[in-house]
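In structure tokens, the next block holds one chain alone, the form predicted on its own.
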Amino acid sequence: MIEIKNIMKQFQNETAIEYKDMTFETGKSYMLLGASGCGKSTLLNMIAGILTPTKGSIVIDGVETSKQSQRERDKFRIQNIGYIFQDFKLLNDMTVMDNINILRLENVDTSNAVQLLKNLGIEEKKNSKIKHLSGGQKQRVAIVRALVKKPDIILADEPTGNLNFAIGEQVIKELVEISQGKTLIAVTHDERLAKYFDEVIDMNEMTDGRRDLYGEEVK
């Protein structure tokens, strides 16, 4: 279970986002829906331990990760969280398998990678370089890389943002299916994908928006 309590993030440009309390239950899939700039990706990055909340707490399975050091949060993320980035963060001149096996540097067991690639229909691309793949294929590789370490939590930041709707819808269906039994939190702005998730959270209602130090909303 992930508990978000009294969270606020202050940025260097003196704007801030305040979040209402939220709870994400183990084994359920969540869509974070909302306009650009409402704090969806910021929340994912705080759950992942990439960003530190300015105030408030994030508690994951009884551990207050927001109070940990950056080194402790990085270790927690490597061991427990699979993160699918919007821009994939794949190495274009390396093969699919090399992009996955690079996780071995973090002591991640990647022995189930080929099976995951097969499950997502791209096993035949395992020796292809990333630069030769389509957007949908790259997204599936990013999903496999996030899931190969068998994480308890999967975070996906706009996993369909670079894809047309038909391909994006298929990717979401595959992601939700392969994430059964885990906690999946996916950020998107596409309401048409809501039907595939257990719960949809409107982040426009869960934040007070970006405000400056004087409490004025930043457009």
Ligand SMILES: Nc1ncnc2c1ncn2[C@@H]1O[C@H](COP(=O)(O)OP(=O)(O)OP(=O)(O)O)[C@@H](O)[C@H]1O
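Here the structure is a predicted model, which means the values were calculated and not measured. By rigid core we mean the largest C-alpha set that fits within 1.5 Å across both forms. Note that residue numbering follows the sequence shown and begins at 1.
The same protein also has a form predicted together with this ligand, omitted here; what follows describes it.
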**OP:** Mind telling me which stretch in 66-74, 34-42, 176-184, 163-171 gets its heavy atoms within 4.5 Å of this ligand in the predicted bound form?
**Re:** 34-42
Subject >> Interface residue in the predicted bound form among 101, 137, 86, 112, criterion: non-hydrogen atom within 4.5 angstroms of this ligand >> reply: 86
Subject >> Non-hydrogen atom contact residue 189 with this ligand in the predicted bound form at 4.5 angstroms >> reply: yes
Subject >> Any non-hydrogen atom of residue 23 within 4.5 angstroms of this ligand in the predicted bound form >> reply: no
Original post:
Using a 4.5 Å cut-off on heavy atoms, which residues of 139-164 contact this ligand in the predicted bound form?
Top reply: 158
Original post:
Any CA movement of 2 Å or more for residue 188 between this form and the one not shown, core superposed?
Top reply: yes
